[in-house]
Every structure is written in structure tokens, then in C-alpha cells.
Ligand code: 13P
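Have a look below at one chain only, the form predicted on its own, in C-alpha cells format.
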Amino acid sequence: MDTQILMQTSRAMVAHGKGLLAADESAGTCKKRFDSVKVECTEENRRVYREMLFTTPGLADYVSGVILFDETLRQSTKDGVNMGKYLEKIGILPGIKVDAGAQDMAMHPGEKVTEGLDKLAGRMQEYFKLGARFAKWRAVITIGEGIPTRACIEANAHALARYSAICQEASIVPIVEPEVLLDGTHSAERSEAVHEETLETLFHEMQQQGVSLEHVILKASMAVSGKDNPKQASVKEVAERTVRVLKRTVPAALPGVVFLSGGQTDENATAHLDAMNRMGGVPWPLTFSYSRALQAVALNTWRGSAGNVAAAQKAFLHRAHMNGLAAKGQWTPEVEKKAA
């Protein structure tokens, strides 16, 4: 465990006005997204699409790191440069998704636990050699009748803590992502309570496992209303509830907190992040680690056509720029329209 490398990486990940691009979709998730724009989900098409994103001129101004899928870390640009090495060359840190996905939890209908700890230490050593300097593990917490249970929260927190220790031993910064899903009819108040219990449990487990809190990044969801709840919390309410949860549960030692968009609209994800940064008074940088909220507009513009690449890159850079402003509390709907 090289604490110097861990410190440099974690600080660079949450550099002022920058955030992370989550481009770690599995082939299955990628297929769903490609199907929506009628593009065949082949290995080559995935490579071309991701190269288009990574080679966007000016991307390093707003993106500090990219979370990659295993396949992508081993692929190369059309010029034969390894994707991770290419990102490194333009000043963007390459990261890697390492979990094996959320599986149904035995004896707990409707709940999931994330797998992938077996042989993870060996994989981490290989990923470090391949250039990955941070990693990501996602857990899924569902709100519903009688759920989440303590068993589900504890099982996922324990796995996140063990994964974090394995990462740090390999000098790789762990991103811990306990996503509280927005599926359901629950209120923002219920979401806040579930977030609080989840994060409290997570950091307790991490201390039990000897994880260095100075070298771990939290990827958090926001305390939004369930998407099927007719009464949606305002941007201000979501920001207040989310920041309150973080202040109650997240140790000040953490280098930073990045947020997932979790199915929010592009502009909502930006507005919520901006509102939290305008509140101030927190010990960590608050920034983004978005997938759909950064990529959707680029994918819809590209649609598999080489002739659309420049327009897709422009649309993608616009979203990265808007979220870079939100990470500094400088985004407004007027700026959004003006810059479009």
C-alpha cells in the first residue's frame, strides 16, 4: 500500500470543478443503450463509442477520471494506443469497475447483494499494472414495503468494506457506491432515512476492516422522491436532505464525495449538484460521477454514424462543462441555455 500514490490519486479525482465519467457499462447495459438508438452492440462498436467520448477535445478541463469496464481498459484507440494510457496522456485518471454485479439475496425477496470478492486481490494487482489508479464497487439498496432490511444493508456494507481494503492494499483508491434506488413510490423523507442508515452502517464496517478513510471516495445517491411518487421533492429540498445525511454519517477525513445521477434527467442531476455546492459548509468537495446524465445526449446524437461524431462530442462536452460549473456552485438554467 503506497499512501503517496493513494493520496495523489484521491486528490486528483475530486479536483476543483472536475468530476468523473462513469463509462463502465457492462455489455448487457451497453446493449440496452445501443438498442435505443438502433446500434448493434458489438465489441468494436463499444470501442468506437468510447473512443469518441474519450477523445472529445477539452474533456480534461471538466473530467478528472473515467471509470472503465474491463473490456475497455484492454482496448486501444484506432491509432493503437491503449485506452487507459490515452486517458493518462491527456491528464485523465483511468479507473476500473470491479464488482460482479448485484445478485438476488437469499431469503430476502426483492433485495440484492453485490458479488465479486473472490480472487479480487489478484485482479487488483493486474489492474494496477494496466494503469488503473482507482476502482468502483456498486451496491444496490431498494426501498419498498418492509425493505431494505438490516441484513441487506449490512451484507452490502461488509462487502464494500472488504473490497476497499483489497483496493488500498494494491495502492488503488476505492470508490464505494451504496446506491439507494429511486424506483418506487417512497417520499424524499423516507429516502433520507434509508440513506442515513446505509451510510452509517457502511462507515462502521469500513472502520472494522481497517480501511484508510483518507484514501476512499464515496459515490452517493441523492435523497430524491421515488420516481413513481406523484409528489416530487424540489431541487432545494433534495439538496438539503442529501447534505444533512452526509453531515450526519460521512467522516470528514474523506477526500471527497461524488454523486451518481441514478436515472434523474440530465438537467436535474446538474441542478441538484449545483444546489448542494451553493449551500456550502461541508468538509469535502462535492462533485459528479455521472453515466447517463453525461452520455445520453452524446449517444442520441451519435447513433453509430461517423458523420455525427463532432456533434456528439460537442453535446457531450457541454454536459461535462455544465456539471463542472455545478461542482463549483456556478451553474444556472440561464447559463445552461446560453452555453447550449
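We number the residues from 1 along the sequence you see. Just so we're clear, the structure is a prediction, and the values are computed from it rather than from any experiment.
A second form of this protein, the form predicted together with ligand 13P, is not displayed here; the remarks below concern that form.
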| task | Name the single residue among 261, 191, 164, 156 that comes within 4.5 Å of ligand 13P in the model of the complex, judging by heavy atoms. | result | 261
| note | Checked 177, 205, 111, 266 for heavy atoms within 4.5 Å of ligand 13P in the model of the complex; positive is 177
| said: So, residue 287 and ligand 13P: in the model of the complex, are they within 4.5 Å at any heavy atom pair? | reply: no
| Contact between residue 219 and ligand 13P in the model of the complex at 4.5 Å, heavy atoms? | yes
| Taking 4.5 angstroms as the cut-off for heavy atoms, does residue 133 touch ligand 13P in the model of the complex? | no
| request: With heavy atoms only and a cut-off of 4.5 Å, decide whether residue 186 touches ligand 13P in the model of the complex. | output: no
| Since the chain is shown here on its own, which stretch among 135 to 143, 244 to 252, 68 to 76, 101 to 109 would lie within 4.5 Å of ligand 13P in the model of the complex, judged by heavy atoms? | 135 to 143
| said: Only counting heavy atoms and a 4.5 Å limit, does any residue of 18 to 47 reach ligand 13P in the model of the complex, and if so which ones? | reply: 22, 24
